[in-house]
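Given as structure tokens, the chain that follows is alone and in the form predicted alone.
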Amino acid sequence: MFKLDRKSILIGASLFASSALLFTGCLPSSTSVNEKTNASASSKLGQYEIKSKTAIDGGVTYVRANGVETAYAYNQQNTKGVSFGRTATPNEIKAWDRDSLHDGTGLPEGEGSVELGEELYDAQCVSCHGDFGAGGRGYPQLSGGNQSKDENGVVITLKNQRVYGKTEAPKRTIGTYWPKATTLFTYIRDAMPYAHPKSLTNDETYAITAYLLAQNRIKIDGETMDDEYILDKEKLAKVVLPNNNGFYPDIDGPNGPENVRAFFANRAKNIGAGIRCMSDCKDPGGIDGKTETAVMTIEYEMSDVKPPYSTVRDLPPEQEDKTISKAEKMYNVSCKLCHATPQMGAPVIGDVDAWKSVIAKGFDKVLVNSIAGIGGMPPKGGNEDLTDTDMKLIVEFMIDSSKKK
């Protein structure tokens, strides 16, 4: 299995760079590192032959010459006199340095139960991530997948390959894919819920983290996480996720950057060497149902999943609900996320005062803005499948729901 997670490497590189920024308190010079090192390095335009200690990926840097870096032009404007800010104060650094390490360092005090986490999840998270974290509306699936491992300790479900509908894709969930549980806590605390991030208390964050770990059947010190289970920083630091050792190179600690460089230095072995294909590519086959696929099938086919995987992609039949109008259904799917909470900056439906200035513009103007987009609102609320007629119905519903009765 190819277990490299590029995001992990990029995150490691970013953290390494961010640490340098925080401790120096200022940004690097505007002169490109590549431009400084390329003058004395052996290079070949358009190829990655430069070996440089400044490159976190082990030397994959590209020559800049005559305003061009490979196939891309770059900005050559003189940045002399541009201010790059001041040195950050210790308190400013402390305010931003809120992440927690995999060993629990940096986790705050607090606690939360699985039961409370379920209540919070249903109120704040289910609209995007689906019931029990099973996924929905294009947002990541957080639970599910089989955590069984092969003889090498690799989570089997991650070895699935997509072969034109014959095999289900790998289930990259918290229980099968994530390597560290503390990342879950930090991400929820800093970026969730989507409509108003950083609004959760530490106790609430522990509770939602506990609920999601419980949904993934994670045990802590051999103990199953039932509804009454209370999670705190000491217990969270003890969590060992099934895919804990499924990532390489090791990006943790002071040797992390060097491990990454060493990994990329031997690209042929660790990543593979080949010719990139943009045209006249070999057809992998299988699309027409006749040509034999060139994708090698795997020996680990999941067969014990309940309910079993299905290749049917049809949406389930919509149940008619006569208590809700078509306009309200479309509003719930495409508009409610922003218009149901004041933290998003959009006028909240039902708030008479907030809608006074909107209604004063006239219906036609409001409709045009809703179709074309205005301010932070994308055209049609980001759902291009909606017709102009659909938008008219939605706007009518929102205005009618926001007038004095």
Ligand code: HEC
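Because the structure is a prediction, the values reported are computed rather than measured. Counting begins at 1, following the sequence as shown.
Although not depicted, the form predicted together with the ligand is the subject of the following passage.
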Even though the ligand is not shown here, does it sit in the predicted complex so that Arg98, Tyr206 and Ile349 each have a heavy atom within 4.5 Å? no
Within 4.5 Å of the ligand in the predicted complex, counting heavy atoms only, one of 213 to 221, 100 to 108, 118 to 126, 73 to 81 shows up; tell me which. 118 to 126
Just give me the single entry in Leu184, Met225, Leu241, Leu158 that has a non-hydrogen atom within 4.5 angstroms of the ligand in the predicted complex. Leu184
Just checking whether Gly67 would be counted as a contact of the ligand in the predicted complex - the rule being heavy atoms within 4.5 angstroms. no
Hey, in the predicted complex, is Pro193 touching the ligand, heavy atoms inside 4.5 Å? yes
So in the predicted complex, is the ligand close enough to Tyr62 to count as touching (4.5 Å, heavy atoms)? no
Answer yes if any heavy atom of Tyr139 is within 4.5 Å of a heavy atom of the ligand in the predicted complex; otherwise answer no. yes
Those residues of 374 to 389 which, in the predicted complex, come within 4.5 Å of the ligand by heavy atom: Ile374, Gly375, Gly376, Met377, Pro378, Lys380, Gly381, Leu386
